[in-house]
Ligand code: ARG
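Here's a solo chain for you in structure tokens, the form predicted on its own.
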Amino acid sequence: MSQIIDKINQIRQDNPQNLMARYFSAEYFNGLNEADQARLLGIFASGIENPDSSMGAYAQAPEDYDKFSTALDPLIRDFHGIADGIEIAQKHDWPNAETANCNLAEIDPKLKDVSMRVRVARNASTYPLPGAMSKDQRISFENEAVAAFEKLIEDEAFGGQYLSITPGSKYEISSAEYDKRVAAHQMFKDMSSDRFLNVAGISADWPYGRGMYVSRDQDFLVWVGEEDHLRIMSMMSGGDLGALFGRLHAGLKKLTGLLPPFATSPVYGNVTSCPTNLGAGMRASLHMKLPNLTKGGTDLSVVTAAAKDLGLAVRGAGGEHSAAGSDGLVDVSPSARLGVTEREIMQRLFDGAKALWALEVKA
């Protein structure tokens, strides 16, 4: 074990942004029994094998956050901006999110037709998290989700279809249809090419147990078997964030009664594979064209720094670890999900978009 500890200490020196390495405690680790040491190393595996990770940890079981809170709490607080000594309390405020006046068209008419997306991550309490699931468990969970979707299909407001990429599924789609859905930013990409998810075990058994539900209006979607058991989302083109959040909340309430109970922590709220998504379990984002701030899509450094000061994170147009589009298209979202309500997340996105747009106009 001393070699592993030495490796983590070296990562801390060479990659200070790696939160796993920054807060790793050899004293705490050495005090664990052999089985728990192995479990914790499984949680930290991606950050150890990928020193350029930012978080460097993926939970493997719903109870990991509470069992290993001594090791994980510092990482969680750092990312979500919650100081030591401040109680972590996850509250919810869906009604005010749905009725708040956060219309992007009021910032600039050019923003009235941006691509908007908000999703929540949920994991069933009856299964390990995706990084520790077997192939049979992935398929079993997909089958449970399909049973729920078959009931949802009958709902007038949320009816649609399920598209599976599991070989042999009765809902299996062709590779051409899969590529079409990926290009439309509806379906998630091939996870087997993601080195972070590979080490964490999350992309194992690809593509078994994976698929997507999509409503007839193409504005309510559910991913099955990605980084979490479920990613439930609403997608719209427009500027009314309140309508976007309202659509998601209505769909989430429909699904909750059709699926196994979701995993939660008494401290951290909704349990997710990655600690960055704990709490509200929510990620709200906009696709904004910022050609001036990104030098025509060639450089994310300026917009990333500006966004960080605003409590936002910036990704490329293709999602995490991707580059900006040639027209400067980037994905902008609030960083914090823990200890902030749905209403606060929406307001941060609106205020941050407004500030970034002002910088873009001046650049």
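The first residue of the sequence shown is number 1, and the count goes up from there. Treat the numbers as computed from the prediction; the structure is a model and nothing was measured.
Beyond what is shown, the protein has a form predicted together with this ligand; the following relates to that form.
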Handout entry: Of Y162, F196, F220, F245, the one that lies within 4.5 Å of this ligand in the predicted complex (heavy atoms)
Key = F196
Problem - Answer option from S215, N277, S169, N103, heavy atom within 4.5 Å of this ligand in the predicted complex - result: N277
Exercise for the section: Indicate whether this ligand has at least one heavy atom within 4.5 Å of a heavy atom of M55 in the predicted complex. Expected result: yes
Exercise for the section: Please run the contact check for E142 against this ligand in the predicted complex: heavy atoms, 4.5 angstroms, yes or no? Expected result: no
Problem - Location of this ligand contact in the predicted complex, chosen stretch of 249-257, 289-297, 268-276, 172-180 [non-hydrogen atom, 4.5 Å] - result: 268-276
Handout entry: Residues in 214-240 close to this ligand in the predicted complex, defined by a heavy atom within 4.5 Å, in order
Key = E227
